[in-house]
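Next up is one chain by itself, shown in structure tokens, the form predicted alone.
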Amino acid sequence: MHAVTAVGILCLIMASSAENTKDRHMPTVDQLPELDDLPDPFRMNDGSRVASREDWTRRRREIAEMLAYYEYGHVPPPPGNLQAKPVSSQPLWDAKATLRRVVLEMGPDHRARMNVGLFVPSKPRGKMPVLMAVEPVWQEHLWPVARLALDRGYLFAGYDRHDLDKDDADRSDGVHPLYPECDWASLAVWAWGAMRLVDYLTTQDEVDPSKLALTGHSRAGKTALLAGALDERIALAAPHCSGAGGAGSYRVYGSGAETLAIITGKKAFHYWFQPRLRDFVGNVDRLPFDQHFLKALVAPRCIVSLEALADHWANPLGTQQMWRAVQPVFDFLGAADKNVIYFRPGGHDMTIEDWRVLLDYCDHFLLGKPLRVRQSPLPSPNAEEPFRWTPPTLR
């Protein structure tokens, strides 16, 4: 079984060879200007401003390269040799559904391996939408979510990101020895895994490849947003409580939020990011982007940012302000309603109610059903507009 390799230009921009990674150069921190505003996503690297869709295509490429160089690292291209090896097929719920387990083998000598699970109904309703999760969905605590998704008319799929990177600073295991030319950090590795899940799903007869949604919680939420930015086959990206490095701001944060200095610290999660990001600690005003740039790469596809009002570590204020800051991009591209944020009461966990809300949004954006979700409160409704620039007028 071979992978579908057309993942969109942004993934290919982040792909790198040993030679061009070594020769690539962008300004160092001391060469970048201090900004007194959130960076303008419409300001090209040469100082000109986006004024057309063609300009925006070029600007997206600039943003993708910027994020790869400073924040996430460069990923390898799609492997092109993906094979799915069956592991098991388990009937569930009085044989109303089946959990399929496969191992994807790919990359150099097929040595990259990733466990995948897919829940399908015994009688599929033609080609069906898929809710994907950056999770080993075959674990029994996620079976209620699988049943909920199937009852709502979705397939449910996920993968074990730790097969590719064990969530530590060791670069001698997982996929790292297979791609020594790549400077990708853990979040980029995991996002590359999500794209390989899409490769597999688009070969399955039950799957509607135009209706794929991807979610994840916390660090997996950061992964889901990054994968959604890079892979244009993902119609809806739904980061959940993703915070710093995800849907939250590096510049704007409330009390108790995880900051750039904390998350990139040696005793924390520096290995999630390209080491250059740490250079901006104490110089965040020189950072040439904030996380609204990552979200801008998803537009005009859909983002549903799912958050919790008491999840202070994940920076509700900064997440709200990134949602506001990316709205002009969605407006510019004629997708004003596809930038969504939803806050519920509570803290840093993903509840069954969160999954229900997400499926309500999927019903609306993927299937065209009326939206059943009521507008949620914002954590800081009176916060000032987080930027002073204005979107261009499309010509």
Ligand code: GTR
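Residue indices: 1-based, along the sequence shown. Please read all numbers here as calculations on a predicted model, not as lab measurements.
The form predicted together with beta-D-galactopyranuronic acid is left out here; the points below concern that form.
This chain is displayed alone, yet in the predicted complex one of Y159, Y250, W272, Y154 has a heavy atom within 4.5 Å of beta-D-galactopyranuronic acid; that residue is W272. Distance criterion of 4.5 Å from any heavy atom to beta-D-galactopyranuronic acid in the predicted complex singles out I263 from the list I263, V120, M195, V102. Each of K222, E258 and H348 places at least one heavy atom within 4.5 Å of beta-D-galactopyranuronic acid in the predicted complex. Interface residue remark: W313 is counted as part of the site for beta-D-galactopyranuronic acid in the predicted complex, having a heavy atom within 4.5 Å. Although the partner is absent here, S218 sits close enough that one of its heavy atoms falls within 4.5 Å of beta-D-galactopyranuronic acid in the predicted complex. Contact with beta-D-galactopyranuronic acid, judged by heavy atoms within 4.5 Å in the predicted complex, is confined among 319-327, 264-272, 133-141, 282-290 to 264-272.
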